[in-house]
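Here you get one chain, nothing else, as structure tokens; it is the form predicted alone.
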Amino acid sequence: MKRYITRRDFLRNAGIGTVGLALGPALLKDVFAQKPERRTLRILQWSHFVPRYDRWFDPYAKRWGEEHNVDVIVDHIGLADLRSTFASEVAAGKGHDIIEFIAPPSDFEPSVLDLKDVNQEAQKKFGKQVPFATRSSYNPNTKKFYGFCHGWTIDPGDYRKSLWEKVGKPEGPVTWEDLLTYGTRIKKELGVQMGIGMSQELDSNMAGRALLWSFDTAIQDENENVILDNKKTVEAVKFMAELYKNTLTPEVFGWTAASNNQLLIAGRASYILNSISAYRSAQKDVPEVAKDVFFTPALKGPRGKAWACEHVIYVSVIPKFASKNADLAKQFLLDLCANYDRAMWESALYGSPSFFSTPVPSGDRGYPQVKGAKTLRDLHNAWFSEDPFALPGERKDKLLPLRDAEKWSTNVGHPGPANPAEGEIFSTFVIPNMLAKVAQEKQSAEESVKQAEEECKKIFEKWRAQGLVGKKK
């Protein structure tokens, strides 16, 4: 038999009793209303090279959580441990809901969700994405957005103007040949080396690719065929060996991602290939060095090509094991883009947006108002023309050569996409190893290039067999 429970019985059994009855109809309705369950969103990202960004981001994420009834937990990790940590989470089937990488994590494609909907919504809200940001988060073979790229970092050359003035090149190098010619003189005559790495770390990966592209060669062509073993690659590798012999020191073979920054700040480098983070650190720690640091765009190769590998590309992924929180994660990423004016400002212009047409929100944004600025492009142009973070008495136009950097910046995998094969080659440091072996006279340029191509082909074939790299053409 069914037992019917009266309202009074329910209240008494539920422990509300006469107190509940005394609340009255209106408040009683609130007692019975089901409150949405508070959820938790976990974010894993690297410890930023510009610490003030993390000091902004963490409270921003917490405030976002309060507005959405979510506990947001942000965990920071050393750059060198990021990939291995995520690989462990994938193996365990649990971990963070959003993982932010700073190089295309294309080799993790099988383990992450397709973020096509987020990318499409971002295009609707914020306009066209910088093309190499799309190539760093989309696999044209599987038609899958394995990530969402909200921003990137310019990779210029940083040079000490006073040193280059003394050898007759006050505006710094324009070509790779300038780097060799004048860098050699600076080291011999002034005793100051250059800082370009050939070790297993981020900056060495970037520098090696910029060198290859500017010498009109690459790992793959636009159709994802390995083309590394050719005369132009051998030419580039021989050039790097000569550059090492004349302008560098053996320490570049054991560098970390912070080493060239430290060399510049210490006043021991005439030129490094890096973002503006080293300069920002020098402004804080060694102002006199900072005032002497200026910037060059990508250097031209022997036939006039000039390409830089974007220094950092922010690609966030949502792992398959975090699918239950995917709605929160996607909304968080979209809202971060909507607030990217603050991301630019709080990174001291280290971070550039992937969506330059994003409207600037109204109201107090925590920075001096830029007259007439309606989009992030307007802010970018204004700030790079007159650096708001310049020190007193320092020239404010130093960043002007970087204002149109997206024209000479490109993605890992250029001239093709940042496919999983390119991702694995990047993470296993095939290119820095190839360059180092020749500079250390362990192999000839021809031998090292041939060996590197064989490694690349094996990696490409592995991913091609899984359908994640295009068919040979």
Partner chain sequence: MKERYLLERENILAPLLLFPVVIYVILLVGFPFVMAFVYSFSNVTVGNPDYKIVGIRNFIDIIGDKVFQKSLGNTFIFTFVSISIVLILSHILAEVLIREFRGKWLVRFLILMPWTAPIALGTIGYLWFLDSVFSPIDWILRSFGLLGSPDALLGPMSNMYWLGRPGLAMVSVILVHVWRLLPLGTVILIAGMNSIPREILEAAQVDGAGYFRRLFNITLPLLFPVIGVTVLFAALFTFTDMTVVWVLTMGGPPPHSTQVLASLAFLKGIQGGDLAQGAAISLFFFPVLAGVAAIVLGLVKKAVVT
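Residue numbers count along the first chain shown, from 1. Note that the coordinates shown come from a computational prediction; the quantities given were computed from them, not determined experimentally.
Keep in mind that the form predicted together with the partner chain is not shown, yet the notes after this line are about it.
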I need to confirm a contact call. Of Ser162, Thr249, Ser385, Asn230, which residue comes within 4.5 Å of the partner chain in the predicted complex, counting heavy atoms only? Thr249
Checked Phe429, Trp56, Trp64, Trp408 for heavy atoms within 4.5 Å of the partner chain in the predicted complex; positive is Phe429
Contact check for Gln120, Asn139 and Gln331 against the partner chain in the predicted complex, heavy atom at 4.5 Å: no
Within 4.5 Å of the partner chain in the predicted complex, counting heavy atoms only, one of 409-417, 39-47, 65-73, 436-444 shows up; tell me which. 436-444
With the partner left out here, check for me: in the predicted complex, does some heavy atom of Ala266 sit within 4.5 Å of the partner chain? yes
State yes or no: in the predicted complex, is some non-hydrogen atom of Asp107 no more than 4.5 angstroms from a non-hydrogen atom of the partner chain? yes
Arg83 near the partner chain in the predicted complex, any heavy atom under 4.5 Å? yes
At 4.5 Å between heavy atoms, is Ser357 in contact with the partner chain in the predicted complex? no
Applying a 4.5 angstroms cut-off on non-hydrogen atoms, the residues of 192-213 near the partner chain in the predicted complex are Gln193, Met198, Ser199, Gln200
